[in-house]
Structures are given as C-alpha cells and as structure tokens.
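Heads up, the chain below is alone and in the form predicted on its own; it's given as structure tokens.
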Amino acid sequence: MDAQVADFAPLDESADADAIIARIDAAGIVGMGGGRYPSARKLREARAADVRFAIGNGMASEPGASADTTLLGQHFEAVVAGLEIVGRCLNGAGLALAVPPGSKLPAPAIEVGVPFAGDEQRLAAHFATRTAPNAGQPSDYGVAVFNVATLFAIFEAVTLGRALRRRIVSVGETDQWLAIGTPLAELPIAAAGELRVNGPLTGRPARANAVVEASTFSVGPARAPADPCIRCGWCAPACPESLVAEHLHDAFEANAEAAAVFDCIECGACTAVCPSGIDLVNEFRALKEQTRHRAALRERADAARARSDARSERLARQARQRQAQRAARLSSNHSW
C-alpha cells in the first residue's frame, strides 16, 4: 500500500468542503460496503439535507467477510482520519465508528449489538432514535453512513493524494489487498468452482468474467443448491420489516408481482434462517425488477391506449364537424 504513487497533490487542513468533495469525486470513490453509490454525491446530498451526524460502518455483518475488521486492525488511525474528513465536510458533524461487540477499539469506536446493523438504514436508526427503521434512508434520521473502507479511501485521496486503485477483500478465509479490476478467475479460490461476491446472505453470484470492483469486499464459493421451501415460517419473525418472505418467494416462483417486496431492505435476515438454503435476498431483488418492469409495461400500455383514445376522439370529432358542415350546406338557400 505504501508504495502506491500519488495521483494528486495532497490537500491540507485548510481545504474547504467543496475542494474535499471534488477530490473524492476525482479519486473515483464510491460506497465500498457493496452499495457503489458515489461518495461525493452522498456528501453533497448530506450537506443539502443538513445532516449533523456521520457514522463509520465497520460492522462486517456478512458471515466470513472480515475485510473491514482486518482494515480496522491495520489502519485504524487512517479510517478515523477519513471519518474526521467527512465531519469537516458536514460542518463539524458528530462522529461515531460502529464496530461489532468485542472489537476493543478506542474512541470514536462504539460497539453495536444490533442484529444486521451492517444495513445502514438500521444502523442510522439505532444511533439517531434507537428504534427500527421503516425502509427510510439514513438522511431521514439526520445521519450519513460510510463504510470503513470508503473512509480509508477518502483519507488516502485527501491526505495522500491517491486515487482509488485497490481495496482489501476477503478471499475465502484470508484478507488481501487486490487491485480493482483483478479478474476473479485469476484468484486461487476460482479453482474450486463458481464464486459469489459480497457474502452468502446479501451477496450475488459472480458474473462470468467478473472482476474486483470498488464495492467488492468478499469473494467466496457459491451457495449450495437450495432445497424446496418447506413452509416452516421461520422467515416471517426474522424479517425486521414484518414481511412474509414465504409469500414473496411464492410470487417469485410464479413469475408474478408483489408490491410489498419494495419494503424489503435486503438485510439477509430471512436468508440466514432459511433451513432450505434459499437465496431469498437475490430472489427479492429479481422480484423487484420483475415488478418494476411490468409496471413500466403497463404504464407504456396505458399511455398508448390514452393516445389511441385521444386519436379516436379527434377523428370522431372531425367527422362530426364535417357532417355538420355538410348538413349546413345542404340546408342553406343558394342563389343561382
């Protein structure tokens, strides 16, 4: 890491928020906890929303994904410095670094025991109101959440002038620094067969020719084939949004629609408890796309029908006008 060359002149402590955010943008930094949302845009939106509290997310909630924990062990001071840079951009916002119980890290680290607190919505609600969210965004709570790898990248971009070129990734049972763009097929773990990125609960099957991306924090083996749903009902009490995952699974299986799926925050709680090993989160992602696609088709069909009805009405009106004009001509007295 230390041999990486600088791409920009480092910014000193006198740099204002606009200069810092522009540097983060130029460095190509995005949400590195899997979200991929541009960090510069998130900061601009947080400033516009007058967010006053920033959280570093080091919860590492995916089983087997320890890259964030290793990063904190190797570069804790740099991560905290990145969080402080975010605070400077947010007009001196309050700062906290959320870590799992037993981490034993100094302030501003705060150990958080909320299940699935790796989900930034739940984490924001925990710090802001101590109540569960209702599919809201962190800014709804006056909070901005940044993954610890994102904070480290912000530190490097602002303080050391380095663009985002590599990141730490859990590859199987080890954590290693990999260049962004490294083909997954080149990793030794690829010899074992199909791969999955970003964990067994909320991750996704790796695409053909997939590479390490800025948002790739874990690469592991694919999930085992699932068994059929046994209607055990374990998924319902596990869901923090009180959804019945079994019904959403049925909608997915039937290639149907389900408006309720948009309340799913993709935390992976249902997947974690499913005794059949069904990849429910990815099913619900597909169900969301399926529902959006059908809604878009209906919208286009409705628009086309409205255009057709308007044309038919216009043609009928013109025909009535021509008929009225002809009748008027026939009934009029002509002088020959």
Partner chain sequence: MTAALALGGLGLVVALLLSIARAVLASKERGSEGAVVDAVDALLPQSQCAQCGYPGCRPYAQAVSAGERLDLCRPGGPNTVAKLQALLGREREPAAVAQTPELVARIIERQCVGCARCIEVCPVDAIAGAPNYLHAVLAEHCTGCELCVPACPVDCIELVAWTPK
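Quick caveat: nothing in here was measured; it's all calculated off a predicted structure. For the two forms, the rigid core is made up of the largest set of C-alpha atoms that agree within 1.5 Å on superposition. Numbering follows the first chain given and starts at 1.
Quick note: we don't show the form predicted in complex with its partner chain, though the next part is all about it.
Though the partner is left out of this view, R41 does not reach within 4.5 Å of its partner chain in the model of the complex, counting heavy atoms only. Under a 4.5 angstroms non-hydrogen atom cutoff, its partner chain in the model of the complex lacks A286 among its neighbouring residues.
Put simply, A301 is close to its partner chain in the model of the complex: some heavy atom of it is within 4.5 Å. When its partner chain is considered in the model of the complex, E257 lines it closely, a heavy atom lying within 4.5 Å.
The stretch from 304-312, 268-276, 66-74, 47-55 that comes within 4.5 Å of its partner chain in the model of the complex, counting heavy atoms only, is 304-312. Core-superposed comparison between the shown form and the other one: CA of L315 displaced by 2 Å or more.
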